[in-house]
Every structure is written in structure tokens, then in C-alpha cells.
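To begin, one chain is listed below as C-alpha cells, in the form predicted on its own.
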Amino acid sequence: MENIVKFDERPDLRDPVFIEGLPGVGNVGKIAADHLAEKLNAKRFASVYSKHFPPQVTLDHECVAHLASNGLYYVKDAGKNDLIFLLGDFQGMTAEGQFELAEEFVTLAISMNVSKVFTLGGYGIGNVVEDPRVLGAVSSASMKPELERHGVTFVPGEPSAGIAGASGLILGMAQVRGIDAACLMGETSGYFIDHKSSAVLLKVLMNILDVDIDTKELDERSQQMDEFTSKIKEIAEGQQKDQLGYFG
């Protein structure tokens, strides 16, 4: 077995936009994509199984086993386009697996005549961010002006280490296969699950897609994140003062 794609249905979609939101840095992209799909009542239409996922099953509330997988979901008449979401709790465990899965996902996207691909992720900078930006990378420079109008920032050479994992490889594979694609990355420390960065990323994505959903739950988690980081700063400043007092 390499990859198995099991379809529950084959929806008829209009110029769908493909959105990837798998786990990554700070889970920024996953949280944003999961929230958007949930609020739009996205319907699962296919499951992707692969030997490149962890060798395990998970159990639901009735103790029924489910093989590790990613899911494909769709929403019709969402904003300017129909939408396809790639969601799940797993990425490929090896470099080879990452490449094979990215190729599988882009091939699936092409088979469904997608008009554009967006991959979502986090951009880890190693410290707490008070006002996270959304950085972008594109398959073609011609895409930049429109994304900039919607709040995406482009910084030459950033991320300096490139974009690893599904978000980067699906972007790159889409470019090779001739599909317009962009990776949107919310700034985050990279040290913890970052709902604040996810909320900022989601609002930019909503503007791009011309979609309006309730973000109250995510905004509340974002507020909790602010309170959490404020306490961390207070503790750090207190420790610094203690150290200065000791050496003084």
C-alpha cells in the first residue's frame, strides 16, 4: 500500500479553492482551517490513508477503531468559490512520505478542477508575538498584489529556512503542475498552540475568500492567549529584577 483514497461521494463543485490545514508550527494553520470548515458545515467526501502516516488507529467515543488518515471536505457556494479542505491530525513521517503525499493531494486537486490552492501554516520566530502578521509565499509573483490588499505581508527571503512539510510541498507541487497557489503563515513563537495567530490568519483568509463566519470562539481563545503571554512576561521581568538585585 502506498496511498489509498476512499471516496464517500464525488461532489460536483464550481471552480473550487483547495485549502490545506494540517498540523504544523503552533498548529496555526490547522486551527484556522478546522474552524472555518466547522463553521461552514463542511462535509467529508473522501479519506486518504497512507503507509507514511503513523502506524496506529484511533478510537472514537464508541471504541470503534479508525486508521490514521487525512480527510477531504467540501463546501458549496462559500463566498466567491466552492471550497475543498484537506484536514487531519497527521503529516507524512519521512521526507519521502511528505513528497508522495503532496503529489497525491495535488493530483486529487487537479482531478477536481481546483482554481487555486492555499496552504496554511505558522511562521515560528522564537519569541512571543503581540501583533502577529500573516506572511505569504506564492507560486507566481502575479498573485502578490491581490493578497497584499487582503493583509498578507511579503518579506524577501523569509522564511529564511524555507517552508517545510505539507504547506511548503503542496505549494511547490502545485507550482510544478501549473496551479496558482499561495502559502499563508501566521507569525508565532512556535513554542505552544497559538490561537491568536490562527485568528489573525483566519480573518485574512476570510477576506481573500469573501467568506463571513462567526469567529467569537477563536477570538476568546486569542484573548486567553494574550492573558497567558502577559503573565509570562511578568514572571520573566520579575526574575530579571531579582537577578539584578542579587548582583547589585
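Throughout, we count residues from 1 along the sequence that is shown. Since this is a predicted model, take the numbers as computed values, not measurements.
Just so you know, the form predicted in complex with another copy of the chain exists too; it's not on screen, but the next bit is about it.
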With a 4.5 Å heavy atom cut-off, would you call residue 112 a contact of another copy of the chain in the predicted complex? no
Mark residue 216 yes when one of its heavy atoms lies within 4.5 Å of a heavy atom of another copy of the chain in the predicted complex, and no otherwise. no
According to a 4.5 angstroms non-hydrogen atom cut-off, is residue 169 in contact with another copy of the chain in the predicted complex? yes
Should residue 223 be counted as a contact of another copy of the chain in the predicted complex, where contact means heavy atoms within 4.5 Å? no
Complete contact of 49, 95 and 138 with another copy of the chain in the predicted complex (any heavy atom, 4.5 Å): yes
Want to guess which of 207-215, 189-197, 59-67, 27-35 is within 4.5 Å of another copy of the chain in the predicted complex, heavy atoms only? 59-67
Across 150-176, which residues bring a heavy atom to within 4.5 Å of another copy of the chain in the predicted complex? 154, 155, 156, 157, 158, 159, 161, 162, 163, 164, 165, 168, 169, 171, 172, 173, 175, 176
